[in-house]
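Have a look below at one chain only, the form predicted alone, in structure tokens format.
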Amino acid sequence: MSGCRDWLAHLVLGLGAALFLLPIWLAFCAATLDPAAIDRGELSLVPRLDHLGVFLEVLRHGGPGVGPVWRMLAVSAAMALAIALGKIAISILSAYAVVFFRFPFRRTAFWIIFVTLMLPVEVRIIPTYAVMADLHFIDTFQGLTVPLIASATATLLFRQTFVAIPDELLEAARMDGAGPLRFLWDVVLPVSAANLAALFVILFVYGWNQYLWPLLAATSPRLDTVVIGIVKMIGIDTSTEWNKVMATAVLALVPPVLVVVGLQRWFVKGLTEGEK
């Protein structure tokens, strides 16, 4: 009976994986077809290996209306790294202050941070843009990243992890003469390593997939992210070279997939053992 359940579970997982991979495989195959064939809807599940050079072509030269894809990938990677690392750094410090320091209105400060979860980017997009314009951050890398660095979600998750740290560890650190920064570096961060990895994966993918804010904050082609580049490659007045669009879309999947696969063990551990 147990073997039957295992077989059924593996079957369901296999079907789920196939449904997830099918659109990606279809995009890969479409990248190797002629644009005219795609316009006619003549898609194939078998790639044309003699047309794999389209990936190298878009990497080097880009497509209609955009520059080289390698540059857009670099901008997206830099933006995602800055957002992920910035969110983690600020969230760790804010959660650390809320949990381990005693100051007036400490709980009020935490709840104010928590309430900001109810304000999505779309709601505060106009005042955020106005602030960035006053700081002359529009059309700069700082303008792409700074408004997206603060994270109430990460602060909440780190707070839950820090609350679970035994008080005995704090008292032992004080008896050894460790100050707040030493306690943070030697005790809190090692305990939170799995959560750090899990949050880094989530926040990297979050930063990589940003579309609305980069569309508003950056008008220069040198700051085009790969997501913006894909949209620009889809022609409105002219015929779209769908093979290059599909090739760019497939290339855009590679960096976040590498991050997820590389940190998979820590990612799962952070999600399942974060409060143990």
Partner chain sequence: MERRTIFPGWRLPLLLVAPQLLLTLVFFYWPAAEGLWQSLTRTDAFGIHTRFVGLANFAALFADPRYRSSVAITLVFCAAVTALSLGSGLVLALAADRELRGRDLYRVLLIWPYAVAPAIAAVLWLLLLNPQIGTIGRWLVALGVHWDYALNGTQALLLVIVASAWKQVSYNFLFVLAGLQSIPRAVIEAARMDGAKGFHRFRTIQLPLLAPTLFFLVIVDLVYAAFDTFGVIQAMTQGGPGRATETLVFKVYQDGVVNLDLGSSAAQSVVLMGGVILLTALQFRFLGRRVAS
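For the two forms, the rigid core is made up of the largest set of C-alpha atoms that agree within 1.5 Å on superposition. Residue numbers count along the first chain shown, from 1. Keep in mind the model is a prediction, meaning the values are calculated, not measured.
A second form of this protein, the form predicted in complex with the partner chain, is not displayed here; the remarks below concern that form.
Contact between M79 and the partner chain in the predicted bound form is not found at the 4.5 Å heavy atom cutoff. Though the partner is left out of this view, P190 does not reach within 4.5 Å of the partner chain in the predicted bound form, counting heavy atoms only. Taking the partner from elsewhere, N195 is found to have every heavy atom lying beyond 4.5 Å of the partner chain in the predicted bound form. Heavy atoms of A27 reach within 4.5 Å of the partner chain in the predicted bound form, making it an interface residue. For the options L85, V163, A74, I138, the residue carrying a heavy atom within 4.5 angstroms of the partner chain in the predicted bound form is V163. With the partner omitted here, the residue from I38, V54, A218, V66 that has a non-hydrogen atom within 4.5 angstroms of the partner chain in the predicted bound form is I38. Applying a 4.5 Å heavy atom cutoff to the partner chain in the predicted bound form picks out V12, L13, G14, G16, A17, L19, F20, L21, L22, P23, I24, L26, A27, A30, I38, D39, R40, G41, L43 from 12-44, in order along the sequence. The two forms, fitted on the rigid core, differ between the shown form and the other one by 2 Å or more at the CA of L263.
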